[in-house]
Ligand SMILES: O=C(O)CCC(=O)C(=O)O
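Only one chain is included here, represented as structure tokens and corresponding to the form predicted on its own.
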Amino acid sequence: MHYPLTDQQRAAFNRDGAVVLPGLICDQQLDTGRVAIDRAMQQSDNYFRRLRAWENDSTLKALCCDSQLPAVVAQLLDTEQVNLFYDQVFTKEPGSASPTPWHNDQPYWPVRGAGVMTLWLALDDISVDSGPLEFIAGSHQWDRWFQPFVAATDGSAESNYDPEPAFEPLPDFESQRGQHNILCWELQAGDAIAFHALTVHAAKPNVSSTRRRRGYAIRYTGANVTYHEGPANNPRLINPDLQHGDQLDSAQYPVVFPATPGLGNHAAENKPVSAT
């Protein structure tokens, strides 16, 4: 399956740091993905700790590595190489009252470079009351690295990390809503949101009484992204095969676009898709 990106979608990603990709995965990928995500839910009861599921699940491995997704990432990042960074499951069950606070992602991660992004796949229809994501348009262009928060098991903020000079205090974006262009979309199952790792975002609570909100986030990097040993690294993302400043190519962060023999590539058939 190939997904034809448009010039308008690429322009929106570059301008806003987030864009909707309707119908990014097909019905078969959606059906098998839901089963796999429900298996991955057994990995942990902590909202943020269901990650690196692709390493132990052939269905998720195929979706992350062998599907149309890496080719889409290559176009959005305008890069000749894409590495899979990691994957993560985000599920908000009906009546989950806790919002996910405003933040940007890259301060949590042991990578540096501009080409870092997420494909966030909606595995259920997502309405305004079932926990949609929100994004501050253009915030990826600020080049501001905000202090990560320590998350509670339900995904809410428990506290901030100790002050770290590498990152600035997180502003109260909730009280500043009127000062920003905030993007929020209702999604159909199979749609996705592509967003940059420095785009400031949050998620509303799932206050619906019956609707699950299963989201599957796949993190990818482009060429010239390097491994970083520094503050606030998620310990589950530490790569024992890499040192500070190394390129990411490794078994843990495989090259998935294009095919590169000897680097654990899984995407030999992916080709760039022409815009329509």
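Computed from a predicted structure; not experimentally measured. Heads up: residue numbers just count along the shown sequence, starting at 1.
The following text describes the form predicted in complex with this ligand, which does not appear among the structures shown.
For the candidate set C65, A53, A217, A36, a heavy atom within 4.5 Å of this ligand in the predicted complex is found for exactly one residue, namely A217.
With the partner omitted from this view, the residue of Q81, T100, N206, S139 that lies near this ligand in the predicted complex is T100 [heavy atom within 4.5 Å]. Figure note: of the listed segments 178-186, 73-81, 195-203, 139-147, the one touching this ligand in the predicted complex, with heavy atoms no more than 4.5 Å away, is 195-203.
In the predicted complex, this ligand lies within 4.5 Å of some heavy atom of L133.
Taking the partner from elsewhere, D105 is found to have a heavy atom lying within 4.5 Å of this ligand in the predicted complex. For the chain shown alone, F85 is not a contact residue for this ligand in the predicted complex, no non-hydrogen atom being within 4.5 angstroms.
At a distance threshold of 4.5 angstroms between non-hydrogen atoms, F90 is in contact with this ligand in the predicted complex.
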